[in-house]
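In the form predicted alone, a lone chain appears below as structure tokens.
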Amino acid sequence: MTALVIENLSHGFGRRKALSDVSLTIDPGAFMVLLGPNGAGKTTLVSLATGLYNAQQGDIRIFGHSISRDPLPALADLGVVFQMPTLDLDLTVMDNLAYHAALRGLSRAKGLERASVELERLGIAERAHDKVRALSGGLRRRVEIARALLHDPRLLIVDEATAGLDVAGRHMLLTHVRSLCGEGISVLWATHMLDEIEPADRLAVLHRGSLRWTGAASELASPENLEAAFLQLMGEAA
């Protein structure tokens, strides 16, 4: 079953059209990059796909469940890392994760177990009892990735998670999330950074609310020519 189906999605804010007739699909275990400049509509698409807004037109299905008609099973399979950090800075890492696990319906024992596993995988288990305020931006993002995975989702949506991080922090986060696809998790990775794309990635280029290109990144351009191809798409959309 397809992990994510976005079908004829349109949405606006007042007179401003944020998305216009966008359609895309993500297969199980696939890594799809949603690429676009700031203001392209990426965050609006993420907000609709995660149930924060109700789409004005179109449908979104997660493993066959429509978010508008059947939201509980749809969102149960979804983990999210939003663009804006949402951790409580005055709680410890573990308290943040335990609270989120409880919201997801996990028992305290199960929540603590899952949190420990994900923090270990992300290399920050030793910071579990530190307050989030004491962590760097990169470590906070790792905590948010751990939080998104506590309930074993089958689809992970990540919106501009590496913005503001140094090169090492970006590489670590992206490498870890890519590795999840080997476990069968599907990923939608929203970014404006061309160097986060690999040739084998599925790629969806969004500009001014319209989907300008979809397919394997290697079909659009070789890595050394990707910037020129991207800029050409933006020019065609102007």
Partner chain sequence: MSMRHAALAFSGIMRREMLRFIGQHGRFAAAIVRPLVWLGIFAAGFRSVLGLSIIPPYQTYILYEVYIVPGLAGMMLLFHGMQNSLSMVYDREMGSMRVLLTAPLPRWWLLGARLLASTITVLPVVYGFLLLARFWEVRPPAFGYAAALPALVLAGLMLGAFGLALSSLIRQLENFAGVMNFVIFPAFFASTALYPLWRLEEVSPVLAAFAWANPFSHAVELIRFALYGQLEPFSLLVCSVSLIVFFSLAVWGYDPGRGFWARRAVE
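What you see is a predicted model, and the numbers here were worked out from it, not measured in a lab. Residue numbers count along the first chain shown, from 1.
In what follows, reference is made to the form predicted together with the partner chain, a form of this protein that is not presented.
The partner chain in the predicted complex comes within 4.5 Å of a heavy atom belonging to residue 88. Under a 4.5 angstroms non-hydrogen atom cutoff, the partner chain in the predicted complex lacks residue 136 among its neighbouring residues. In the predicted complex, none of the heavy atoms of residue 186 sits within 4.5 Å of a heavy atom of the partner chain. Interface residue remark: residue 114 is not counted as part of the site for the partner chain in the predicted complex, having no heavy atom within 4.5 Å. 51 is the sole member of 29, 58, 51, 169 with a non-hydrogen atom lying within 4.5 angstroms of the partner chain in the predicted complex. Looking at the partner chain in the predicted complex, residues 37, 121 and 163 place no heavy atom within 4.5 Å of it. Stretch 43 to 51 is the answer when you ask which of 209 to 217, 43 to 51, 174 to 182, 190 to 198 has residues with heavy atoms within 4.5 Å of the partner chain in the predicted complex. For the stretch 90 to 109, the set of residues having any non-hydrogen atom within 4.5 angstroms of the partner chain in the predicted complex comprises 91, 95, 99, 100, 102, 103, 104, 105, 106, 107, 108, in sequence order.
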